[in-house]
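This document starts with one chain, in the form predicted alone, laid out as structure tokens.
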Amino acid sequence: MAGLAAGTIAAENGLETLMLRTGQSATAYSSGAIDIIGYPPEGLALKEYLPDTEVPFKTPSDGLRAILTLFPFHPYGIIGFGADDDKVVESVIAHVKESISWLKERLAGSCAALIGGFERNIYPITVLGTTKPTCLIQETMWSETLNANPDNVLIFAGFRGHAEFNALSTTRAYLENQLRTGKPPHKVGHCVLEISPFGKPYNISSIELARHFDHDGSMVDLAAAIKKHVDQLGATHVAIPPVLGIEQALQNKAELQKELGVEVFELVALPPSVPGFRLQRAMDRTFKNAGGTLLIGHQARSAIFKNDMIESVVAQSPRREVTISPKTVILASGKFIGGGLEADENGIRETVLDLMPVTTNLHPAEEVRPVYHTNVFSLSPDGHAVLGAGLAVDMDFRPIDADGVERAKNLFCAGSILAKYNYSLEKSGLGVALSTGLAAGRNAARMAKEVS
């Protein structure tokens, strides 16, 4: 997301833009939801510091104000560096709000068209039967009317042989949550459908279902399989895992609703997910439509530095080595999942340009053993400090060294390679990637024009 946002905005500013990517990016393995900020960093209980702020944050604006008050070096805070002291918060909020509008406009009508806005966080249902705070989700994944009427009846529909979703356990978890909170609907059921995309009723993956449902006529069979359960339970809403298609999901949702006479929506899945793949494809097209060139299968390996500038970047593919001489470079290589950082018992390393990584406390991390920055429980409410490691940057998103000096004047970075935030804990991953990507892309584009 960070690289594509940066590359797209640079291309839209009239620059020749080349993106190097090894394969699918981390966006393709995401849930496909655009989280801005849901929870405070480091599992912090805010009551002591900001007693009037509710957690999870009701709106992205509430979350950003809390972040900027308590964590000024969070990547969102860096966006506001350079603004007058009394205008930092409003400057960041305006930038993030603009980023959301920018993304929605460019994905409108695509396979990953988005719904939601900056006015509130929304709480879609996940495949686990829980809800999560997020800002934007794909249009196939939202129901505006589900909670509006206490007489609504919801069915969770799963597929036999599809191990990525268990309709019964999801139904139980969701119903338990609804009874505890008292929110509608209170009538919930489940069903298991017999759909065999490739003639096998076992080991069916989400991507196989999605590809199957992209074929003409597939919705007729799916509607017939669901309809008897809808009629039996008197359902008003049907929730299914996010498999309605890759390119045709929106059209399939509309056709399914027409056939059934009820509202249908997809659940938010655990990564990797089909909606993440949709988002990747839609963003790739947006970048190319802006005039960008996407070079997949090439991994940036090193760079030649000269006079405080990057003179060239060397990229490696299985068959060739390519040397590129750009005016500016944006590093959006991700953290551990994306391969931008590596860690072992000797410490944490930045893999592409051998830059200095830092811990979440902004201390050099090159000799930090990751084991001492994790908790005993994998799903800890306090998160894992090692996930806050990354690169420290200046106000223009240039990575800096131990002396606080930028490594190269024409090098910028964005996304999860940045230090001081934990996207899995905060629910801020794609939001930080989008906002910092646009900021870094604009800074890089401005410098490229200046040196022309």
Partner chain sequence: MTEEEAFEFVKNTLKEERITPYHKNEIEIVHSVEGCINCGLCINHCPVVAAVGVDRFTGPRSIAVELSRSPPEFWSTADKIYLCTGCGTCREVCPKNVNVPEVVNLVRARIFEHRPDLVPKGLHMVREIIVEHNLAFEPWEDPEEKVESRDVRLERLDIPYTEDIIKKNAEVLFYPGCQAEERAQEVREAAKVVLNYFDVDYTLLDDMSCCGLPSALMGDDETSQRLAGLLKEKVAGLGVKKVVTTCAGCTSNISDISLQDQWSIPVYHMVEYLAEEVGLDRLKQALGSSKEFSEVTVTVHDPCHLIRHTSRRTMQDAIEILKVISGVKVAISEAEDSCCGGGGLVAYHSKDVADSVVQENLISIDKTGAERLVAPCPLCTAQIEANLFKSGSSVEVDDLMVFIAQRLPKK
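Numbering follows the first chain given and starts at 1. This structure is a prediction, so every number in the text was calculated from the model and none was measured.
Only in words, not in the display: the form predicted in complex with its partner chain, which the text now covers.
Of the residues W102, F71, F336, F81, just one reaches its partner chain in the predicted bound form with a heavy atom at 4.5 Å or closer; this is F336.
Think of it this way: in the predicted bound form, its partner chain has a heavy atom of just one of G109, P318, G182, G217 within 4.5 Å, and the residue is P318. Although the partner is absent here, L353 is not a contact residue: none of its heavy atoms lies within 4.5 angstroms of its partner chain in the predicted bound form. The shortest heavy atom separation between N307 and its partner chain in the predicted bound form exceeds 4.5 Å. When contacts are judged by a 4.5 Å heavy atom cut-off, R120 does not count as touching its partner chain in the predicted bound form. Its partner chain in the predicted bound form is approached by F277, whose closest heavy atom lies within 4.5 angstroms of it. Between 25-33, 46-54, 59-67, 398-406, the stretch whose residues reach within 4.5 angstroms of its partner chain in the predicted bound form through a non-hydrogen atom is 25-33.
Residues Y202, N203, S205, I207, E208, R211 are the members of 202-219 with a non-hydrogen atom no more than 4.5 angstroms from its partner chain in the predicted bound form.
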